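Given next, in structure tokens, is a single chain: the form predicted alone.
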Amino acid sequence: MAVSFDDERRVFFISTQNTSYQIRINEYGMLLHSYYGALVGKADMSYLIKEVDRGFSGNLYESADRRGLSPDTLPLEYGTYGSGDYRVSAIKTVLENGSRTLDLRYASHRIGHGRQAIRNLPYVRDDGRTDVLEIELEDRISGIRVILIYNVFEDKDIITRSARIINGSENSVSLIKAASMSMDIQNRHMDLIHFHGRHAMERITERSALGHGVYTVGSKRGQSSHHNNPFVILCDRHADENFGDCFGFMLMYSGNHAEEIELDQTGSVRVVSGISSEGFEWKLGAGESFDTPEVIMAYSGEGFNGLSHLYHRIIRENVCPARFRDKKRPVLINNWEGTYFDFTEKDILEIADAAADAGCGMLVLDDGWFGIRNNDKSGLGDWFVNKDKLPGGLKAIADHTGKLGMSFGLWIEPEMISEDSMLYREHPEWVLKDPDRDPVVARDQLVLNMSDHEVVDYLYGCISGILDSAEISYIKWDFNRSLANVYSSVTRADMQGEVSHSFVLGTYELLERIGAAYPDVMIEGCAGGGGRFDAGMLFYCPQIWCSDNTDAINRLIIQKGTSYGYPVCTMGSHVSISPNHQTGRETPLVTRAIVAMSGTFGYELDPRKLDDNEKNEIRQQIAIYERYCDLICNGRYYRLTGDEDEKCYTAWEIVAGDRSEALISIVVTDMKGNQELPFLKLKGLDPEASYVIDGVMSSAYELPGAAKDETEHADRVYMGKALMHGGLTLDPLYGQYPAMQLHLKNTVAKNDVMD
């Protein structure tokens, strides 16, 4: 098994294929974190723990003569508040008598095979090879117990952590902080990488050296947010894409979250991840329990690319719904940027005809098809067809697309409501709203109270009615504002601190029910683009609209940041028109396609407005994507360029699992006169194999009078080790944001091999 316990040394050993994780119980029942990193087998790493007397760091009462044995300085596995550990805590409680002290000590443990689902929450699915460790801690005075749960995916080098908090007393307890995990990494000079942003510019990579104090990344917007993704990386100062120790912590949660990182007085780093404690309070009656969301932990000594591959695999194979894992997703066209709200049934049918002619496999009808919805000021909540716009209803469109050999998809925004709607006039009590206070309004909409089961039942009835009315195979599930005025009219005053978390649970329940009732309907997550791009949503939705920003050059930044934790197959990415609606930038159609192909490929435009040349280009692009879609969705993704390169160009590579082929993409973002040649060191190839290189598509402009390079890559065969160690020098790329895509194919040809 991947988990074992040494009774004599009182050490837990967790092993994956390439990593080790160790926990020690000391003689006072304190649970200490010994080690997480490269595989060390059964070598007891607790020798790394040193007891040092540090001033103003208190001791356990029963060990007062050992001043170095302090909760404030030892590497704890789950830090508590009030018992002498002054660092960021993982759990805070308030007892009935007002006490906030919690002192958790080891009580028991269980080692087993096969994980259990987390009640009402997403989780990393069992693949039949999962081992589990549960360590029960207890506060002997209050009776509060915490079960730390470790699920070990041995062959995938993944460990997940969550906690179950149990009120074992006869009195009620208030839980005011309930993190999923805490871990102390000893004696390391580390950098923090996190992924910040804003609407239309999500998951921008930011790296900073950790200084002393507490660094918090999080959201209190009721969603994981555009602004701080619930995924952080801690790495050695020298780590880069291909080398160095990297630790990843990804929270599977779509609501308020906090990742707290502290460099303490000893030079150790503590990371705590879980639900944000701000505004959170959960009442636990006698015998009641609370389950925290799961954190996906990974370690790689092979840099950020190595860490990314671990996350990409576990999300593809164990997080996303299995029924869509190997299902080929059609190239879709969405009408939003083509028409916005201004469309008729005739328009949509014409768009379908033009899209089918170009080779698209799905038409998605976006916002504006329901209620009285001619702009974003009304209609949300009224989930019935606007017969003035669509006299034939959804069925007429679905039937038409079906005859064209296309499937049909639909946009909805279930969790939202407009004040100007029939639903609000009938049920104003269903919104999140403080009593006697005007609500915060965003995008002219309010938020439904998803913590109310009556609301969830209503929405399920609406959505199931829509899905039953026509042949619909896809839903784009949107969420276009942050939460505020988080107050539920059906919740007791002393339990309002539970509403924000219960809201997320209500959304998960609705997604679960829809998925169970309509297993063939694929749901694409969306929250104004990437406002809920997290592993929690991916449990229900195998892809998420990456950003409302469809500008190809901005998308390079957004999709690169996303790729550190999330695989290409989860990123909704479309080709839109030029000039782009968000930035006004003009970009070649080929460049837009190359960028969008590093995602779930599609189009966001009105195909009726394309000229014949553009239509032919789109046909070719779709044919190329169809040819390489399995490689793109399931291959290993490598970021090939760093910050210095990306002042001029950005490049990435996708390599087949058997290393038989690879796809290389490069986009020039800053054209300079007499430019340096683009140079790439490829990754992940078979070093002993021979590869032939063919051009797939290019938007490069050939300068008049330029000498032609007679050594075309297509005429040469290269050894994998040459391409990885020596690299590949490309010809100059000229023009306005030129881009190129190259295909490498493993060949048995022996002539003209460049080694």
Ligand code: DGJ
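Source: prediction; values computed, not measured. The first residue of the shown sequence is 1; numbering continues from there.
From this point on, the text means the form predicted in complex with the named molecule, which you will not see here.
Partner-contacting position among Glu138, Asp85, Asp478, Asp245 - heavy atom within 4.5 Å of the named molecule in the predicted complex: Only one listed residue qualifies here, and that residue is Asp478.
Candidate from Tyr78, Trp336, Trp430, Trp383 lying within 4.5 Å of the named molecule in the predicted complex - any heavy atom: Answer to the contact question: Trp336.
Contact test in the predicted complex: Trp545 vs the named molecule, heavy atoms, 4.5 Å: Yes.
Glu617: touches the named molecule in the predicted complex, heavy atom cutoff 4.5 angstroms: So Glu617 does not count as contacting the named molecule.
Any non-hydrogen atom of Met450 within 4.5 angstroms of the named molecule in the predicted complex: So Met450 does not count as contacting the named molecule.
Distance check, Arg443 to the named molecule in the predicted complex, heavy atom within 4.5 Å: Output for Arg443 is yes: heavy atoms within 4.5 Å of the named molecule.
Residue stretch of 524-532, 630-638, 212-220, 166-174 approaching the named molecule in the predicted complex, non-hydrogen atom distance within 4.5 Å: Of the options, only 524-532 has residues within 4.5 Å of the partner.
In the predicted complex: members of 334-370 within 4.5 Å of the named molecule, any heavy atom: Read in sequence order, the residues that approach the named molecule (within 4.5 Å, in the predicted complex) are Trp336, Asp366, Asp367.
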